[in-house]
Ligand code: RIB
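What follows is a single chain, given as structure tokens, in the form predicted on its own.
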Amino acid sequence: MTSIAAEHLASKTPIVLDCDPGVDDAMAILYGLRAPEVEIVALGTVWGNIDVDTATVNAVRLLEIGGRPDIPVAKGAGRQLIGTEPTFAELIHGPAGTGSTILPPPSGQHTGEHAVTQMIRLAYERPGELTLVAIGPLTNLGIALATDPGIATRYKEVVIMGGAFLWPGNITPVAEANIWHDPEAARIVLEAPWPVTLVPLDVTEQAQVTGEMLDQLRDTNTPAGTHLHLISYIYLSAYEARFARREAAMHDGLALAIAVDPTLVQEAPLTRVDIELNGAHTRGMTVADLRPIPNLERANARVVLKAEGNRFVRRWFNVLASWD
């Protein structure tokens, strides 16, 4: 099997997804709804790409587009733990997280449960079973740990789209957006005693979806293909202005894929990762000991430095193109 190791198709990986949709979140969520190795148990929303109210509406709409309105959506934190009013990524994701389009509201709505409460509840209902995948700022996770530190022993693993190590940041020269948005929460998450895998810009920037691929998805006339093509114009244009290529990184999709298919990972040292909180020019920087012989006694995260991004993109495209 060329797209994913056969043993990982034998069973689904149950995922609690914390997200801020967002164009690349939409790419990840719709993939997760269709890929046979993924079981999305619940979505929690958080501020980040856009405000949390709009992110929640988008999450509910995506589940309806994907034919899974039964999956619960819980609205979470609307701002970072400490600091000024939050800023959003309108130039990348559009004012409503759907590019340049204004879409009608979904038929359904969120459950009314807070995303933090949902995260804690599910940890106790299914101890040792669930993988927590965070593809937005880590505010919900930080609050959940502060509320009940015991959840750190009840999640099987935490996979985070976040950080930049041997690659430039995407919001400052040294900081990646999800970590920079709430570095205090990120530090709380990394200090907790649960297995953490960081999927940073070092690998997500190597997983590129092209405008041609999105055109092909549109031509499938599926709800998912039509929606992703519709919302991706600004996202692709922002990358084209920077790199002169009409293609864009699939940050969140790669993190979700690695959570369910570890064979995508080629290099991921276990090491110590700290979050810079105070530097005038380095706030939000992920600082890691990547020397050949790190101090494993203090290691708190696995950092993915090399991954098969192209294999994931092919897998992503084939999954969505075959949606019936």
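Counting begins at 1, following the sequence as shown. All values derive from a computational prediction rather than experimental measurement.
Form predicted together with alpha-D-ribofuranose: not shown, discussed below.
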Quiz item: Among 184-192, 68-76, 170-178, 115-123, which stretch has residues whose heavy atoms lie within 4.5 Å of alpha-D-ribofuranose in the model of the complex?
Solution: 170-178
Exercise. Answer for M161 alone: is it within 4.5 Å of alpha-D-ribofuranose in the model of the complex, judged on heavy atom distances?
Key: yes
Quiz item: Quick one: does L201 come within 4.5 Å of alpha-D-ribofuranose in the model of the complex, counting heavy atoms only?
Solution: yes
Quiz item: Would N49 count as a contact of alpha-D-ribofuranose in the model of the complex, using a 4.5 angstroms cut-off between non-hydrogen atoms?
Solution: yes
Quiz item: Any chance I135 has a heavy atom within 4.5 Å of alpha-D-ribofuranose in the model of the complex?
Solution: yes
Practice problem: Residue by residue through 76-95, tell me which have a non-hydrogen atom within 4.5 angstroms of alpha-D-ribofuranose in the model of the complex. | Solution: H93
